[in-house]
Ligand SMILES: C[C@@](O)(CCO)CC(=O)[O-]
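Here's a solo chain for you in structure tokens, the form predicted alone.
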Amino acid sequence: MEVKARAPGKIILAGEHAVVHGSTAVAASIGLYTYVSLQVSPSNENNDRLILQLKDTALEFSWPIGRIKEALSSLGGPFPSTPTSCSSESLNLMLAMIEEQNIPEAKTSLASGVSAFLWLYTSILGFKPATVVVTSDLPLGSGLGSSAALCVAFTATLLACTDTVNMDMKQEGWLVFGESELELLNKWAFEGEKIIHGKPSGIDNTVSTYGNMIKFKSGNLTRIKSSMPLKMLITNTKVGRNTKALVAGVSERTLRHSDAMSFVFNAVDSISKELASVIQTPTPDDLSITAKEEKLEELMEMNQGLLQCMGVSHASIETVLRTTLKYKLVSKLTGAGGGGCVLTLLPTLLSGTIVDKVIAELESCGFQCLIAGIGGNGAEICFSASS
């Protein structure tokens, strides 16, 4: 039996950076996924290995099950129903196993994600031989929640192979988890995120697990659901950014201009709340959808202006803004800024010809363009007979 899972990436629709200073922010899932397939092997002397294939980076890891047991058997797992944090000692043992695989230096940043995989695998399934294959629509390190989607998809396949979730393996197509199962899935994925990021907010894995949208403020997450179809052009500027440095820069600016920045953060809070309200308001017809899209464009435009006030824009982001504005489309950065990705709302009545022109112009600048629906399903699973 082969188990497959997919988990969506995420965007911040409004409120990034200001949320660190007490404002509301809104995040949403996007129709771009990370896919994981898992096939547990019958244990025998010829096939007693755990294999991880990262297709998009052309990397393969392979460990004898005995080597993994030697390093991690003291953990006493598996314990699939009890999400558990990885100790620094266990992390060091896993990193040592990964180093033995001789990753090319250019790809050593992937070691934390592989560590998260090893922790989730041994904690949930124990020491069974298997082959795990990963592919993704999400560009790495661009602020679209690729690491969280990876942890969620890993966890979904692993839990589906245990007795802790109740799934009908005979059903065809993508299946959704029950509410209690999603809660368990989210907690485990968060443990994986902690291995990768140290102190994550939990927002990315929650959006990827549950899908739809989340409003969050001061650590409190509230799940919300859109009443209207939303489609975005996501432009990856391919400019890397240092999130910690950008966050620190906003804090330093706040110390220098505390009164002015307080007004900025309050304005962002209002924008996020209004955006969440607009998205949730019932939409009876096309006319009201158009009116709501116009409101969202205005809110996005105002939010972008305030992000510029915070000092987190970038020349590449401004290029995207100018390009899309020529076609009367509104854009804003999403995530940390300083590069990364930019969102452009694609209104329902916008012609495909215009979209094609915008994409052609942006791609001529060396950017990557992706179109995705916003606020769709979270983690899903499917089963198929082994080939």
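Since the structure is predicted, the reported quantities are computational estimates derived from the model, not experimental observations. We number the residues from 1 along the sequence you see.
Note that the form predicted in complex with this ligand isn't included here; everything after this is about it.
Which among 120-128, 274-282, 192-200, 94-102 is in contact with this ligand in the predicted bound form, heavy atoms within 4.5 angstroms? Heavy atoms within 4.5 Å of this ligand in the predicted bound form occur in 192-200.
Contact with this ligand in the predicted bound form for residue 374, defined as at least one heavy atom pair within 4.5 Å: yes or no? Close contact is absent here: in the predicted bound form, residue 374 is far from this ligand, nothing within 4.5 Å, heavy atoms only.
Given that the partner is absent here, does residue 20 sit within 4.5 Å of this ligand in the predicted bound form, heavy atoms only? Flag for residue 20 set to yes.
Indicate whether residue 267 is a 4.5 Å heavy atom neighbour of this ligand in the predicted bound form. It does not: once this ligand is placed as it appears in the predicted bound form, residue 267 has no heavy atom within 4.5 Å of it.
State yes or no: in the predicted bound form, is some non-hydrogen atom of residue 12 no more than 4.5 angstroms from a non-hydrogen atom of this ligand? Output for residue 12 is yes: heavy atoms within 4.5 Å of this ligand.
Would you kindly say which of 247, 302, 167, 309 lies with a heavy atom within 4.5 Å of this ligand in the predicted bound form? It is 247 that has a heavy atom within 4.5 Å of the partner.
Among the candidates 68, 32, 330, 336, the residue which, in the predicted bound form, approaches this ligand to within 4.5 Å (heavy atoms): Result of the distance check: 336.
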